[in-house]
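Next up: a single chain in structure tokens, the form predicted alone.
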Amino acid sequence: MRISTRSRYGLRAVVELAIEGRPMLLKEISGRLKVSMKYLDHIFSSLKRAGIIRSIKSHSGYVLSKRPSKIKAIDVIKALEGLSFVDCIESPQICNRAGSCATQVLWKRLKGVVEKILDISIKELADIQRKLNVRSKNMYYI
């Protein structure tokens, strides 16, 4: 399993919006994340459709649609790429072995563990990022 750059950048962008707590221009976010505006625009289209972010016309910027404590990392990843390990877990009717396959138990457990880990809120991630930012500003580079 691999998390795409789309989800990684999307999650970072949402955390950045949570940290700032104000409307941010796509150009500003793009510069901070070192991601092209075109790629970020595609990511933001999906995040808007999922109701995670919204645009503010008066500021030409973006904000979170809900408080950071109400948005989970899993919401962002599902919006950007889904979270399906094998098709038979999401749609058992497509498999003639559903209910009689030992590996299906494994896939259900894996999905449950991953969902539990990704249940972290954007607020929690933003708090962690703030601490990391403070620490990196106080470090001396040789």
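Keep in mind that what you see is a predicted model, and the values were worked out from it rather than measured. Residue numbers here begin at 1 and follow the sequence given.
Absent from the display: the form predicted together with the DNA. The rest refers to it.
Three-residue candidate spot 5, 25 and 58; every residue lies within 4.5 angstroms of the DNA in the model of the complex by at least one non-hydrogen atom. In the model of the complex, the DNA sits within 4.5 Å of a heavy atom belonging to residue 37. The DNA in the model of the complex is approached by residue 41, whose closest heavy atom lies within 4.5 angstroms of it.
Contact between residue 48 and the DNA in the model of the complex is found at the 4.5 Å heavy atom cutoff. Figure note: of the listed segments 63-71, 93-101, 50-58, 107-115, the one touching the DNA in the model of the complex, with heavy atoms no more than 4.5 Å away, is 50-58.
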